[in-house]
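Single chain ahead, by itself, as structure tokens, in the form predicted on its own.
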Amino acid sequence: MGQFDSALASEAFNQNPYPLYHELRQQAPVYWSEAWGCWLLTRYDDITWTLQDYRTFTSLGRLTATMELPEPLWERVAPLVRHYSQGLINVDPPDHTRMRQLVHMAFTPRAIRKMRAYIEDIVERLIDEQIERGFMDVIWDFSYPLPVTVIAEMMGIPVDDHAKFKRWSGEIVGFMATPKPMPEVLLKSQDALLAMQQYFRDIYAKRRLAPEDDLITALVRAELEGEKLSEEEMVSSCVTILIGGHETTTYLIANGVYALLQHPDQLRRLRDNPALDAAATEEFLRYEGPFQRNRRIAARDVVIGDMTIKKGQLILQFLGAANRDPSRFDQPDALDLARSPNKHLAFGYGPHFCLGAPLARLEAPVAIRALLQKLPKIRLAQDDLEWNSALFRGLKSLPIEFERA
């Protein structure tokens, strides 16, 4: 067992990973974890290189590389393995480029700007529903229903199915929470995945017969017009978009609110200068980004630092560590809403840069600005908050009390 493996498995790391990130970066920036079965990277420059160079560091098979299963069980989880061997985030160019171009039309800055008024209306409604109570759970009452409503609208999915999405999403990514998932966790993730895939296949079939003005119809139309997007690729990509389109923004907003409550000087700064909201969002992404772990597989033997990574070995990129690398960020553990430059890696880097970044960068400032304007006196309702240990970094709950404007 490596010197840091016990710390990596600790609850202290789950609650606050940043001290260990700093230790790893200083003492073992390219660290082989026996317990996790992969190399851990914590330096900004190493991580940008491995994100950019897809020929050396491939996405193919990256999410199933640590599965250690007997042969009969491999057959049982074949649908899960197949899903994570295709689709938008699991392949490299040129397949990735082809699929991304088809989906990108819904996420261009111009397309996203048209949604601003719609997003503002949802934000106002969500706050108004809670305002008389003087209390809300920021996650469950606000930062979750906002992005899931928006992404469902874009895709053409009924709002009434929100609870279904949340349950499926949490279970699908559940197997990624640990480096070597147990068979029962894999099977639970697969059950949820199969349910969501069937849901999208049903919608896909309906849109072929009755097109609507939504993303799934656009993908159906592309297929009918001869673009090379199979139904299986479409379903896989829709699962990815739905999960990524609401989970990350849910925790971006909630983590931002929590960071402000932990730093009253920065909260006052943002109240006094609302025009800082875009820069503040970038700092929330850097300081406490919702997506902190990414994976690649070495496609050839390669040296990083003074360590040799063998072909086929898994690399885990700690994006949260890169975003606090003192070689790139002055006072990296400080929250500075006007930080500039701020070239964080919260949305990744290179060919797989997050497709939904423009949408998150619109939703979060609108949401947080409205909270601060309509609820001028907000405070934590409890101190003993618990962080998720799943793929996304975020609190399980964020209860606040407030007085209305």
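Here the structure is a predicted model, which is why all the values come from computation and not from measurement. Sequential numbering from 1, following the sequence displayed.
What comes next is about the form predicted in complex with ligand HEM, which does not appear here.
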| item | value |
| --- | --- |
| 43, 286 and 320 each touching ligand HEM in the predicted bound form (heavy atom, 4.5 Å) | no |
| Residue 297 within 4.5 Å of ligand HEM in the predicted bound form, heavy atoms | no |
| is_contact(residue 351, ligand HEM) in the predicted bound form, heavy atom dist at most 4.5 Å | yes |
| Contact test in the predicted bound form: residue 252 vs ligand HEM, heavy atoms, 4.5 Å | yes |
| 4.5 Å heavy atom contact, residue 240 to ligand HEM in the predicted bound form | yes |
| Single option in 359, 47, 38, 366 placed near ligand HEM in the predicted bound form, where near means a heavy atom within 4.5 Å | 359 |
| The single option of 245, 181, 332, 145 touching ligand HEM in the predicted bound form, heavy atom within 4.5 Å | 245 |
| Segment assignment from 351-359, 26-34, 374-382, 333-341: heavy atom within 4.5 Å of ligand HEM in the predicted bound form | 351-359 |
| Members of 83-110 lying within 4.5 angstroms of ligand HEM, judged by heavy atom, in the predicted bound form | 88, 89, 96, 100, 107 |
